[in-house]
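Heads up, the chain below is alone and in the form predicted alone; it's given as structure tokens.
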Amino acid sequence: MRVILAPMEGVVDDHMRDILSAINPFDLVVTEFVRVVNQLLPEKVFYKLCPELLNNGLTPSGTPVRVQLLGQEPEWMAQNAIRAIELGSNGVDANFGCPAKTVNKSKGGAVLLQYPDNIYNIVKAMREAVPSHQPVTAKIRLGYEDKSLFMENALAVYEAGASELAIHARSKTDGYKPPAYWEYITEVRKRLPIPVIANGEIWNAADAKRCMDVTGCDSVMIGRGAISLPNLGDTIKTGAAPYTWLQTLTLLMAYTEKELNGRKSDYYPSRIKQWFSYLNRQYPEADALFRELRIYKTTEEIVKVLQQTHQSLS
């Protein structure tokens, strides 16, 4: 069984990858996407998004990190894929699943699911450019407005030479609304000889087991569930008990310290509130604390409340 931390734009940054990989036996974590348009990006762009490249492509706890690229031009995707590998990425991933309107308007992400030939050309160019021992992977949704091309897109990725394929079991139009349509992944897994990774609506270990039972996959990718229950990966792989609220609050304090000492400290209030929006699903205490936090706009106010709450529970 493999458990992979999903690339979540604006959520799973290097600090979150550090925090979560330290407490979960992830087999791989994937970065937020590097946006590729019409140039070979400078090294500093890759280092900014993936500082783990300066650590041999590993998180501080030793989990392999894979850079994800998002773009629509095969040549530039290929050139930037080479750069990611040369800088130390453990393979390279292509994003065909991002549902963001701004990305789709510029012909990137999920909009490409309407054009299997384009997906084929992008993955093929990347595969031909990247050394054969390095994985070239892709992440797709089941479709754009509907799911009619789900198999064509999966076959395009495979026939272009991809090493494996992750599937978020919804269309772009479905967004993140339940359910996830795991049965479509089952069909792809039966058809493709490469590993298929199942993604979507995995919130606990029982969900992961059901997903693997339905799809026949031995690999799952977790995103929102991993933010909602911080040690979800550990519960899936080892049967560990879910974190208590105190353990999670302690983790929030560690994350707070990293954010405040890092380059993104200005974004801390929005980042921590965003995390609470996921924690609310798992912890009633998070919902109550968020009601108190949401009225504050400054970092100092928010940190003070978190510290007081943590101290009262410790």
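Just so you know, these numbers come straight off a predicted model, no measurement behind them. So that there is no doubt, residue numbering starts at 1 and follows the sequence shown.
Keep in mind that the form predicted together with a small molecule is missing from the display, and what follows is about it.
Between the options 248, 256, 63, 68, the residue in contact with the small molecule in the model of the complex by a heavy atom within 4.5 angstroms is 68. Think of it this way: in the model of the complex, the small molecule has a heavy atom of just one of 172, 83, 139, 189 within 4.5 Å, and the residue is 139. The small molecule is not drawn, but in the model of the complex it has a heavy atom within 4.5 Å of residue 95. Though the partner is left out of this view, residue 9 does reach within 4.5 Å of the small molecule in the model of the complex, counting heavy atoms only.
In the model of the complex, the small molecule lies within 4.5 Å of some heavy atom of residue 200. For residue 223, a non-hydrogen atom is located within 4.5 Å of the small molecule in the model of the complex, even though that partner is not displayed. With the small molecule omitted here, the record of contacts in the model of the complex names 32-40 of 248-256, 281-289, 54-62, 32-40, defined by a heavy atom within 4.5 Å.
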